[in-house]
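Here's a solo chain for you in structure tokens, the form predicted on its own.
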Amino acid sequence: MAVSWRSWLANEGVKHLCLLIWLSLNVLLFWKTFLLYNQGPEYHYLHQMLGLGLCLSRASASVLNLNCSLILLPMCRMLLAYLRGSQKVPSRRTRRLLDKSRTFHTTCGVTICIFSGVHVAAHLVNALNFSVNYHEDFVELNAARYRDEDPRKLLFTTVPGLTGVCMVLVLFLMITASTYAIRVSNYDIFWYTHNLFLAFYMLLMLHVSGGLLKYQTNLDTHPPGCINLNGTRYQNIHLPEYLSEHFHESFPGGFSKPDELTQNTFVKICMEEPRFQANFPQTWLWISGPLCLYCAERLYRCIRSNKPVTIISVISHPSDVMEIRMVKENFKARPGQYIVLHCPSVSALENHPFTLTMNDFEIYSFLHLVKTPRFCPFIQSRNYPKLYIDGPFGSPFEDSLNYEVSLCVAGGIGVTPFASILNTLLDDWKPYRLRRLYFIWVCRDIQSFRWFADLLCVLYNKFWQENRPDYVNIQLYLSQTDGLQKIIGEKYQALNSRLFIGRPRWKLLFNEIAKYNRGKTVGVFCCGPNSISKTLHKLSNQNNSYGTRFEYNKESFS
């Protein structure tokens, strides 16, 4: 089926536009800086000494400045949660763009890695050229102290060189620990190394304060390439007269007269020796704002979350699912938001995001799949450990109530973000725009449904009693048939007709939803395996004959 441009623009248009703007800024900064150091008169002598390495090192530094400032903004969770509020950002497309914050953070990180490699390689060439092209007439301009000085001394005895080596090591640790394999196998390594970003930024501030690269300050009295006549005042003189007076040798190429060599040409005479000055460091202008914003937010979040919550109860559910009910003062959350949990008994610094599954006055509960053996014993013991929560933070599922029609797809424990949505509808659905909800849940075994079946049954019966049977369309898919009869019974009679064996036929499902919601915009929300997510994303962009548009949303903790 062909791609629908209408759906593609709704799902991908704003994202690609922002990507194009970001890419254009990088290209513009790189090219503008490259031309400045390649053709700028104030860098004439420095360019003669260093060549292409100077242009590449400074151009890549401009790109690094931009991305080192932008990479912090997607990690300002409170800022994103504030912007996500419907009153702050009325455009739904703009709010959906905030869901790409983690992707943008990763993109900036990869860009920093690539241009750091270019920057380092260019400066290695510069160190060699400083040594080889040492010029006794420009002592101020030279970073080397004498000709053929060992370039390694420039790397390990100067502030820019030493801090640069340290930054490369820190960046290497952060890159390697950010790979998927390490994040999955040992999250602690990823967490600890990623917090080295503070050391990276401190080293970056010191790195730019070295002042090795200098520009010429007296261009008026010493134009680049001028001729020094032993103190003669600067003036414009006619070149043939100057050549006849000062040069008596034969001219190259068979020219016998100076005016045959050049006519109406003027030569510039130096008035004084060139003076050089170190560049004013601009890096702090780029990163100080985002860095201060991020640090201020982290400080506020630390103060806000320093009081432990009160655990009311811990309930074990089938399929290793555990429910924690807790109370915290002055805590308010919207349906679909998530929190960050910190348990000092498990780890001093490690935090993990969990979606809130119920919002009942001051009691908030969330559920998660217990897979870490070191975390489970602490929570299930009689003496509850201290738990600290940070948040709440925004997620794309907040918008599921703002569509007239929503399709919510969950895979396994990925149902937790939708639990708060369903609980909200159970309390009162009338204040919201949502008028039809398709809820699809795919699990491997029948036990996975049991801890959530009560809520689904109550919700299903509620809308039947209110004569709104079409408000919620529940479909449960079971990939394994072992123990299928255990759910059959009077208690879950409402769900028996909603239970299917096998996997959903996604294309047929989308076609059916499009048929019954002609010309409407359907919000698609997914929390589950990447295979399901990619399928839904692809189908959301495809064309249909009913004029229905699907807007895709994906859970992504920042």
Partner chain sequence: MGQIEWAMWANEQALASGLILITGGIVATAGQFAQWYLGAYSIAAGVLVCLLEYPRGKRSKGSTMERCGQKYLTRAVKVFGPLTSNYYIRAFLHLGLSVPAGFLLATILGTACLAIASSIYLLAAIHGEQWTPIETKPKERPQVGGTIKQPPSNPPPRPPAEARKKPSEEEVAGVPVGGPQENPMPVTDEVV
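From a predicted model like this one, the values you see are computed outputs, not experimental measurements. Residue numbers count along the first chain shown, from 1.
Beyond what is shown, the protein has a form predicted together with its partner chain; the following relates to that form.
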So, T193 and its partner chain: in the predicted complex, are they within 4.5 Å at any heavy atom pair? yes
May I ask you to check whether P160 falls inside a 4.5 Å heavy atom distance of its partner chain in the predicted complex? no
Touches its partner chain in the predicted complex: R145 (any heavy atom, 4.5 Å): no
Classify V120 as contacting or not contacting its partner chain in the predicted complex by the rule of any non-hydrogen atom within 4.5 angstroms, answering yes or no. yes
Counting only non-hydrogen atoms, which stretch in 291-299, 167-175, 324-332, 412-420 is within 4.5 Å of its partner chain in the predicted complex? 167-175
Here the chain is shown alone; which of T103, T310, S209, T179 has a heavy atom within 4.5 Å of its partner chain in the predicted complex? T179
Contact assignment for its partner chain in the predicted complex, among Q282, N186, T221, S345, heavy atom within 4.5 Å: N186
Using heavy atoms and a 4.5 Å cut-off, decide whether L508, K515 and Y546 all contact its partner chain in the predicted complex. no
Stretch 121-159: residues contacting its partner chain in the predicted complex, 4.5 Å heavy atom cut-off: L124, L128, P151, R152, L155, F156
